[in-house]
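First, one chain by itself: the form predicted alone, in structure tokens.
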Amino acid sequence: MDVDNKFFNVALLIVATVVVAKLISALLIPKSRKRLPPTVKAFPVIGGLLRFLKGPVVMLREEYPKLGSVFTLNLLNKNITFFIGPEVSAHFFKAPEADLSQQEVYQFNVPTFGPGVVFDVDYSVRQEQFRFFTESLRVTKLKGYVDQMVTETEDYFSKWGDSGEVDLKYELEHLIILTASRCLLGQEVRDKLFADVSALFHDLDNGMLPISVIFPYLPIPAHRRRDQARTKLAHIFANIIASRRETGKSENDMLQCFMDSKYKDGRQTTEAEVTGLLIAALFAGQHTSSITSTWTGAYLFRHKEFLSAVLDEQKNLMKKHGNKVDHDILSEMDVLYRCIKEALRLHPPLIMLLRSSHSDFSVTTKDGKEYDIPKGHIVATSPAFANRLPHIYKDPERYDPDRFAVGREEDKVAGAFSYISFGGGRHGCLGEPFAYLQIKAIWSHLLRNFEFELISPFPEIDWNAMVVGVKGKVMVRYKRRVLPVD
């Protein structure tokens, strides 16, 4: 009997404990535990990872119609909550770093960029380094860069014959790295060390693999080559920096801007910091510009009505300015700008943007549903998916640069963050003006001086790349114009 009483008392105690725990939970646990976003259905433990590895955009296409604009994917021991569309993205783009941070989710860049820069420093230092980027891309600097872009472009295509067939993707990739070397890395690299530096950047680039995101220091051959290339680049730039400082020589390039930059406490940038910032700048811009240049050409050759429109614009500018091309003239190329912007809408090279949540916050969907996002979630949005939402863009799969023309401006109708190819808000891409000028300078020259025909199938998207670009070759047949655009 005593034993039965003991069991009864223990059972009663357990029940009472559970009831009290539930009451405490209801009263004390934050509201974020009550209105969690819906979760993607997947097999336990590895199911979310398998869904993600199939392709984030594929997963978003499947889940967005079912779950709406806010939902969570359980990825191993992490929860990734997706925000899709401008109605729910304001906090993602505008939240202070203390609430939504880049640093934790982009740690895999540290071995490539190097120590002491960007994601290897606290936010206050990173902000100062971003100020260095901003100062190096002021209009007065950009005007000088444009002159160099134009010169590089003219020199490069002067080597083409009167007619022929080329892989446009390869040609543009090569030209972009030449231009970037001159504008960003400096005359010394462009004139004397281009082959060496280009090969080292190739090893750095190949050391950025999908596995690198999870295990950036994994001792694999690609990572070893990456680390060796990073060491050699540091040595090359240290010598250039030392030579410039010793001789007092100054150049109009980003390298010089970073050399001359000072922190608020008066400290000058170190050789290691200058090297890291240059690598970060080249990584941020090289792929974006070459990929977008290639897509722009492919779409123009496929859509003759827009090709005619950009040719007419070039004719009008030549009547007005002659053959001269500079920063201000490139800024007048509104039709070409819209064609580039539309290619970027359809094919943003960075298909995922990530943040780490440091505090609980709430979000309301366009349907009025409210969700609480817990601290510790990774928060994500996808330019590749959000840029094709049918309630924002009419016929979103169609290439239609006129959607950005005055009177339509579809990217503004639904409010801020409807177009996020360059991100937005606090962490918008600082190199956006540079990228547009570079791509305009290239295509202005090509359109004025050559006729083109796309002879390979329209390119496919290379979803397997870290920076999503063009799959395979883009073969075109060209013929040099006897006279510039007529």
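Quick caveat: nothing in here was measured; it's all calculated off a predicted structure. The first residue of the shown sequence is 1; numbering continues from there.
The same protein also exists as the form predicted in complex with a small molecule; that form is not shown, yet it is the one meant from here on.
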item: Position in contact with the small molecule when the complex is considered in the predicted bound form, options Arg426, Arg61, Arg35, Lys54, heavy atoms within 4.5 Å; value: Arg426
item: Contact residue in the predicted bound form, chosen from Gln102, Asn74, Gln148, Thr365 - any heavy atom within 4.5 Å of the small molecule; value: Gln102
item: Listed range touching the small molecule, judged in the predicted bound form by heavy atoms within 4.5 Å, from 390-398, 313-321, 371-379, 280-288; value: 280-288
item: Contact test in the predicted bound form: Thr292 vs the small molecule, heavy atoms, 4.5 Å; value: yes
item: 4.5 Å heavy atom contact, Phe422 to the small molecule in the predicted bound form; value: yes
item: 4.5 Å heavy atom contact, Phe130 and the small molecule in the predicted bound form; value: yes
item: Distance check, Leu344 to the small molecule in the predicted bound form, heavy atom within 4.5 Å; value: yes
